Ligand code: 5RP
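This document opens with one chain alone, in structure tokens, the form predicted alone.
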């Protein structure tokens, strides 16, 4: 399958939900980059679109496309957020964070009136977990946090998870916010909401890449077209 063409078709379908004057939450990653590129033509045609980017790379792409970047305040209304996903299950629970922007992506998705996920069709899975779960953690005393993550995973049935630190001493931080990420190879996640709650309750854990019951719609593309699924 031509994954890039699938991403592009999904992004084109998502763009049909964009209206002139909207304020958009702009996701991070290769699929979101297709969506931002499509906005360029709308803006060139006279549309005014404002955006809240979820990473510095997304900000760069959005500025180049002509999106007006805003710093949101308490009165800001995000009409629509569009972002990719590393995995999406039949209930539209997601694993996100492969691009290292999971915290900002979750903030924006939760604040938006509508959240649309776009991906190529290989990201549609029966169960989450084949893609390693990103967990964003604070840099302070990070080995202690990793130990607590390992304990929590064991309680939830993951006896020997593979944990890999992204960022860390001697390397640049894994996120734009200066945090580290622990990628957890779990194999299969049967109760994503419960696992998210357990990990987020740990001191030192900032956020997980489990986006449960957040997406209003998912658009999956391949060479032949798109499939749209609604929550």
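Residue numbers count along the first chain shown, from 1. Quantities reported herein were computed from a predicted structural model and do not represent experimental measurements.
One more form of this protein should be noted, the form predicted together with the named molecule, which is absent from this view; the next part is about it.
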- Choose from 137-145, 91-99, 71-79, 154-162 the stretch whose residues reach within 4.5 Å of the named molecule in the predicted bound form, heavy atoms counted. 91-99
- Item | residue 84, heavy atom within 4.5 angstroms of the named molecule in the predicted bound form | yes
- So in the predicted bound form, does residue 175 come within 4.5 Å of the named molecule, heavy atom to heavy atom? no
- Message: Even though the partner isn't displayed, in the predicted bound form is residue 29 close enough to the named molecule, meaning a heavy atom within 4.5 Å?
- Response: yes
- Members of 120-144 lying within 4.5 angstroms of the named molecule, judged by heavy atom, in the predicted bound form: 123
